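Given as structure tokens, the chain that follows is alone and in the form predicted on its own.
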């Protein structure tokens, strides 16, 4: 009897793993196909430049306030925590290197991406999901219009362009806020702060930060468009899909963030 129960539990576990694997591969295949369709629509110049600019405004300019707040807090918290940990262990100017490297390599790109998951990713998913359940996407198909060229490609292109710019701004604001916090909390002047920052700075760090931002900028709209176009079940389905999309995008950002160091920092 116990052997039978153990066998049933094993089968149940294998079945659950199989279902998760099947769903994961299905999503990966659909996202890859969507990315290829975006590339084709862009290469064939079917994407309206006006719509790309409009999405750039929505993703970039309208996101600036929250990005400025996030970048400032990232720099301040990093400076405060670093000053507390290193107060009597290492030379004070090392705090400048800690703040700059942490903000540029990690806090700036990741926090900005996570903020945009909630602000942009959820918005795109809900917007396209509503268009699906209200049969607007079907209307595009019936008129011979390509929803990928009209709706998906402008958002993906805007994400690739906007996120590196936002991350660059977040990095600058974070560093300046960190320097101000270091001067207030630790008495570290700006000369010593930036001396420490330059001491361990590598030009590759900026490339790494902006490359990470570009990949995040591709992943967020691509996943949100993919999830939006898969929406079913009316208003309830829109809410459910949006929640799933936010979870999916957040997990993707964290996984990509873990993959970057062994690929680009070794």
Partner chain sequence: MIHYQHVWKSFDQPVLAGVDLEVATGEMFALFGPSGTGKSVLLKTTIGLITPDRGDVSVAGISVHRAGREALEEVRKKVGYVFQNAALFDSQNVFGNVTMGLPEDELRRLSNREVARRVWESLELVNLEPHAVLSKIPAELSGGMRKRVGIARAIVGRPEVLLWDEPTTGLDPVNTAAVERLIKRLSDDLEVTSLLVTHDVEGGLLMCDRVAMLDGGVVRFCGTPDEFHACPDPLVQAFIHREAAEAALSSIAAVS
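Numbering follows the first chain given and starts at 1. All figures in this text were calculated on a predicted structure; none of them were measured in a lab.
One more form of this protein exists, namely the form predicted in complex with the partner chain; it is left out here, but the text below deals with it.
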query: Partner-contacting position among 139, 184, 176, 86 - heavy atom within 4.5 Å of the partner chain in the model of the complex; finding: 139
query: Interface residue in the model of the complex among 172, 150, 73, 90, criterion: non-hydrogen atom within 4.5 angstroms of the partner chain; finding: 150
query: Interface membership of residue 134, the partner chain in the model of the complex, 4.5 Å heavy atom rule; finding: yes
query: Partner contact for residue 119 in the model of the complex: the partner chain, 4.5 angstroms, heavy atom; finding: no
query: Contact segment among 192 to 200, 92 to 100, 141 to 149, 158 to 166, judged by heavy atoms lying within 4.5 Å of the partner chain in the model of the complex; finding: 141 to 149
